[in-house]
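First, one chain by itself in C-alpha cells, the form predicted on its own.
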C-alpha cells in the first residue's frame, strides 16, 4: 500500500509533486473543455424519454387538458405522484416543471401570509437550519428572503439530530431544507432513526416548516438501493402532520426543463396552499401532466424507467469512485462516500485545499461545482468539500476528468503540506 502523504518527508513530497506536475502538464496540453459543475442528465438519459413528444391527445380524466381548470393538477397525475410517494392523492398538488418553484413560492407564502402564525416578514429575524454540505439552491432561496442560515453537520445517517433538537428550541428558527434520500451532495440517505427524530421534533416555533426535498426518491443506481422511511407515516404519531412540506419532480426522470413537479402536504397545508394558488395561477401545464401519465402509466412504470437511467449512470459513478480509490486511497488527504443512487459524489479533501484543487482543475480544462457552493453564503469553513457531478459528461470525457481531479487534489494537498 502506498505511503500516506501525511507520513512522507518533505523530500518525498517534493519528488511526488514533480511526477504529478508532469502528469498535470500532459493534461493541460490536451486542451480539455469538460464540465462536471452541475448534476444534469446526459443526452443518452434524455433520449430515454423521447416518446413523450409523440403523445398528442388532450383528453384526460374526461376533460380537455388544453383548457382552464383543475388548479391542483389532473386527477390521474395526482394519483401517479401519490402512489409513487406513498400518500393519498388528495394530499398532492401537481405543479410546474421544477420543484424549485414550489419551494420558493411556499417560503414566499410563509413570509406574506404566514404558516398558521404571524407572517415571517413581520418578524425581527427568521433562521433556517442547513445540513452541510448541502444543496446550493436551498441556500439561494434563504439568501433571497434574508433568512439567516445555521450550519448543521451531516453525519453518516443524516444531519446531526442532537444539534437540531437543541437549535429548534429557539423560536426564531422557522424551518429547515433537507434532501432525505441520496442527499445532495453526500449521497447519504437518512436512517429510520433520523426520520423518526425529525418527525418527533418539538420546535418552539409553532409554524416551523421542514421542506422535505425528495428529489432523488426513485433514483437508485444499484438494485439494492437505499430505503427511506416515509415521514408522512410517522408524523401523526407526534401530532406533527403540518410540519413537513414534501416536494419532488420528474426533472431527472424525463426532461429537466420540461418535467412535472409535485408538492405533498397535510390537509391543512394543502388548503392554505390552494388558497394562494387561486390567486397565483389558473392552473399549471395540464397537457404536460397528461403526457407524463400516458408515458409512465403508473408508479411501477416510473420505477422501470428509472432502471434504464441506472444502467447509464452506474458506470459513470464507478469510473469516478475507482479513480478516487486508486489515486487517493490511503494517501490520508481525502475521503468520500460511495452512494447507492442520486446524482453526486461528495469529496472531502485536506482542510484548506478544496479551492486550490478547483483552480488547478479549471486551469487544465475541467469545471467543477464552485468550491464553497455546498455551504451557506458560499463559505466552506474548512475549504474542504468538492461536489462531483458524474452524470453529464460522456464516459470517455468523464474518465479524463476524474483522473485530472485526483491529480489536482494531490498537488493541492502537497502544496499545503510543504508550505
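Predicted, not measured: the structure shown is a model, and the values here were computed from it. Residue numbers count along the first chain shown, from 1.
The same protein also has a form predicted in complex with another copy of the chain, omitted here; what follows describes it.
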Q) What stretch, of 349-357, 377-385, 23-31, 61-69, brings heavy atoms to within 4.5 Å of another copy of the chain in the predicted complex? A) 61-69
Q) Of the options 280, 304, 125, 162, which one has a non-hydrogen atom that comes within 4.5 Å of another copy of the chain in the predicted complex? A) 280
Q) in the predicted complex, which of the listed residues (75, 256, 86, 329) lies with a heavy atom within 4.5 Å of another copy of the chain? A) 256
Q.
Is another copy of the chain in the predicted complex close enough to 113, 135 and 140 that every residue in that trio has a heavy atom within 4.5 angstroms of it?
A. yes
Q.
Taking any heavy atom pair closer than or equal to 4.5 Å as contact, tell me whether residue 211 reaches another copy of the chain in the predicted complex.
A. no
Q: May I ask you to check whether residue 121 falls inside a 4.5 Å heavy atom distance of another copy of the chain in the predicted complex?
A: yes
Q. Looking at the partner-bound form in the predicted complex, is residue 148 within 4.5 Å of another copy of the chain by any heavy atom?
A. no
Q) residue 286 near another copy of the chain in the predicted complex, any heavy atom under 4.5 Å? A) yes
Q. Taking another copy of the chain in the predicted complex, which residues of 87-110 have any heavy atom within 4.5 Å of it?
A. 97, 100, 101, 104, 105, 109
